[in-house]
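A lone chain, given as structure tokens: the form predicted alone.
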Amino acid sequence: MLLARFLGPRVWILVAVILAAAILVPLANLALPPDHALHVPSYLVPLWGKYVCYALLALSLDLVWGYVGILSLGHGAFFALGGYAMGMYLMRQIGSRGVYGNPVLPDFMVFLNWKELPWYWLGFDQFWFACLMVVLVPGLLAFVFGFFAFRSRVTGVYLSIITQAMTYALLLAFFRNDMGFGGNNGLTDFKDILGFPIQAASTRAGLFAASCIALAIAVLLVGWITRSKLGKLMIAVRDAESRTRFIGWRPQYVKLFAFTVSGIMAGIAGALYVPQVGIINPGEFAPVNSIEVVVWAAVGGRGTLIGPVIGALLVNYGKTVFTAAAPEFWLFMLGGLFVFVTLVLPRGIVGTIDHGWDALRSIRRAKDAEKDESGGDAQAVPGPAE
């Protein structure tokens, strides 16, 4: 009960909707016949699962941008690293079923005449090890990057440029064939996960449900962090970092905590994304991908918790529709949407609604106060003598 009041009704409503989707969508896909009006086609399940992963990625950005004021243009790097960690596990599960039939080396290594498996691929035949790397690798990169950046007090546009340079450097590195990650083609042709065929409808439904559960847990986690004393300190760092430092706090540690947690969340989103789309390549490191995440958060409303989730779902649904109808104009639409939101809806969809609702409540309170004052004055004035 105390936790419910602490997080607020909005968080619990969002979590309830996400968990309902985790149950209803797989049931509508697996239990209902194809001719049923409520049947969800199998091709939509991984597509919606991809949207959910994007929502988790947008939420991870909102933790640092909306509540700490760190505009990261490199969150695609953490997303891609988590995806590569899961992709390496999926590649090891192929075994002798690859094109070249090598039980140990992936096909691209056989093609490039690699003689043995690189040391950094060892252990990825175990699911628990892959899950550990999904958390550890993006989290470690976020921690190391944040430690040096925040200790040096790099802020504003300079920090944004550095984060974008980081993801671009990783893009160039992973494009190289000698890195051992598949080069330009990346990792693909996955067969199964935990022994289940990855193309099976039941597996895709399970991955969708897992993505929804991860998003629900992330919403609860971010809600708890932002509403705690630490969350208030994060907002103080965002709004007045110098004052926060002058009264004895160390803003760099607050930023480092938020940035590390955010990087881990983005890595988990990437790990859930890869088995549903069936491929991971260096294109996921592209700076434009990280910029799109910023657009999702801005459209939905940064610093609102629910806004980035809504923004990611709406923008990516629009992307699916408009890239099919007018693919040559999609990037112009995306840029125009960002400009529109910046100029007309700077608080985003949810932020604008909240602001309007607060304004209405202020007006009602002012009117009620005026009524109370006028009523009190009327009672104080004596009536005419009879």
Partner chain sequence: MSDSIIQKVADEFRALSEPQGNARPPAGPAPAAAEPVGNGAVHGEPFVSPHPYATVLHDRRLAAEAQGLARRDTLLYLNGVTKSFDGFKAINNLSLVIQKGEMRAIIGPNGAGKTTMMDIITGKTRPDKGEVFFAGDVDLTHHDEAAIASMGIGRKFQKPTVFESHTVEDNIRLSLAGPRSVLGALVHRKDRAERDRIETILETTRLTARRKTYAANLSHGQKQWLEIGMLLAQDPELLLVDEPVAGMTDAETEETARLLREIAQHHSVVVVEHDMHFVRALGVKVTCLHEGSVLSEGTLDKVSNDPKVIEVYLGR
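Positions refer to the first chain, counted from 1. Everything numeric here is computed off the predicted structure, so don't read it as measured data.
Form predicted in complex with its partner chain: not shown, discussed below.
J.: Which listed residue (K191, R243, R176, R151) meets the criterion of a heavy atom within 4.5 Å of its partner chain in the model of the complex?
T.: So the residue touching its partner chain in the model of the complex, by this definition, is R243.
J.: Among the candidate residues F127, F257, Y100, Y120, which is the single one with a non-hydrogen atom no more than 4.5 Å from its partner chain in the model of the complex?
T.: Only one listed residue qualifies here, and that residue is F257.
J.: At 4.5 Å between heavy atoms, only one of the stretches 225-233, 278-286, 75-83, 208-216 reaches its partner chain in the model of the complex; which one is it?
T.: Answer to the contact question: 225-233.
J.: Heavy atoms within 4.5 Å of its partner chain in the model of the complex: does R238 have any?
T.: Answer yes; at least one heavy atom of R238 falls within 4.5 Å of its partner chain in the model of the complex.
J.: Consider G156 of the chain shown here, and say whether it contacts its partner chain in the model of the complex, taking contact as heavy atoms within 4.5 Å.
T.: Result no; G156 lies far from its partner chain in the model of the complex.
J.: Does its partner chain get within 4.5 angstroms of any non-hydrogen atom of G248 in the model of the complex?
T.: Because a heavy atom of G248 falls inside 4.5 Å of its partner chain in the model of the complex, the answer is yes.
J.: Would you please decide whether Y253 lies within 4.5 angstroms of its partner chain in the model of the complex, comparing each non-hydrogen atom pair?
T.: Looking in the model of the complex, residue contacts with its partner chain include Y253, since a heavy atom lies within 4.5 Å.
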